[in-house]
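As structure tokens, one chain now follows by itself in the form predicted on its own.
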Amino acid sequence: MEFSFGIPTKIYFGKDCIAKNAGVLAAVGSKAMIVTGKHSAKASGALDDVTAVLEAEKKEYVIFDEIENNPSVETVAKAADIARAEKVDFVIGIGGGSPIDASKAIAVLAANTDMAVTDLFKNAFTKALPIVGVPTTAGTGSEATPYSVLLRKDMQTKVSFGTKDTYPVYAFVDAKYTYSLGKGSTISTAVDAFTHAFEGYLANRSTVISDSFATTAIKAFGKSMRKLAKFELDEADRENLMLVSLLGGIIISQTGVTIAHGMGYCYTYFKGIPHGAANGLIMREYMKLNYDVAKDKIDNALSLLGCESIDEFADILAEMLGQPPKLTDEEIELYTKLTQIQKGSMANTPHKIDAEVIKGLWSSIR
């Protein structure tokens, strides 16, 4: 039994954790760039909580609120130019995975002034500004991972990067920030959190430590899953799903993701399907593909979810997400080609993955 485990992010979880730990946040630096989208940071109350602390502690800040649902390399490059001009010395990402992922890219580019944005994906940098993550969705767990996933229009897909330098130094995780989320966003992000835990559980890089986090997260998701499908969540469910999201982030920071994520990027890029929903739409066939090589783990996961079969669980996901879009033969060929860009996800999947298997998966999903 050999493994390594480490996460340098200090996590504060619970109601009003920002106000209760104001001194911790204020001590990160002298001037912050707050990275958000247009709506969730404000609607959730997270932006007000962060700026209240910074103002009370007499810390300067600038706000960059142009992050898209799928942040592009062009947008993070623009933000990094502003960060350098404003001489900020730390970055606070507030929102779902998109703003927090973007904050990691901005922190690297701002600290490495001669670096081209596409060089991020070489993982050759050795420094970044300190990053703080404040999630407003129970989804990506990006506040507890080093990974940043950005849209590459030139490649027609999303590509990730991340090193030890892109872990947030602090994560402030408060479920109240998810209360303002609507049904679609709540379900998609929660399914994303589940897929992190489940893919991490099956991943070739999984360990006894990551498995302990994964089984806890999968069981927790099962506790609220049926209420999620009906969108009948109370505050306890919201906190429970926030825990699933955080654990999912911790898990994939150790294990990485698998081919379900690599495939899901095509749905997002070409069909506009949110990331978590895209992963969920693939889950039925993904689980069936891997059942012959990961039977014990999949059976255990189904038991933890309170389901007797893959189809029972996948039918609950279908109640949440609907059915996958119909694909043409031409789309299947294109998606098969683009999925193969995700070499790490392919290699991390328990079932052997090659072009033929990927094409078969896309063909079986439609």
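So that there is no doubt, residue numbering starts at 1 and follows the sequence shown. Computed from a prediction, not measured in an experiment: that's the story for all the values here.
We do not show the form predicted together with a small molecule, though everything after this point is about it.
Within this chain, Gly29 is remote from the site of the small molecule in the predicted bound form, having no heavy atom within 4.5 Å. Interface membership of Gly133, defined by any non-hydrogen atom within 4.5 Å of the small molecule in the predicted bound form, is ruled out.
Among residues of the shown chain, Asn300 is not one whose heavy atoms approach the small molecule to within 4.5 Å in the predicted bound form. Within 4.5 Å of any heavy atom of the small molecule in the predicted bound form lies no heavy atom of Lys326.
Proximity to the small molecule in the predicted bound form, defined as a heavy atom within 4.5 Å, holds among Phe221, Tyr177, Phe172, Phe198 only for Tyr177. This chain is displayed alone, yet in the predicted bound form one of Leu243, Leu181, Val88, Ala294 has a heavy atom within 4.5 Å of the small molecule; that residue is Leu181. Residues of just one listed stretch (208-216, 119-127, 187-195, 281-289) have heavy atoms within 4.5 Å of the small molecule in the predicted bound form: 187-195.
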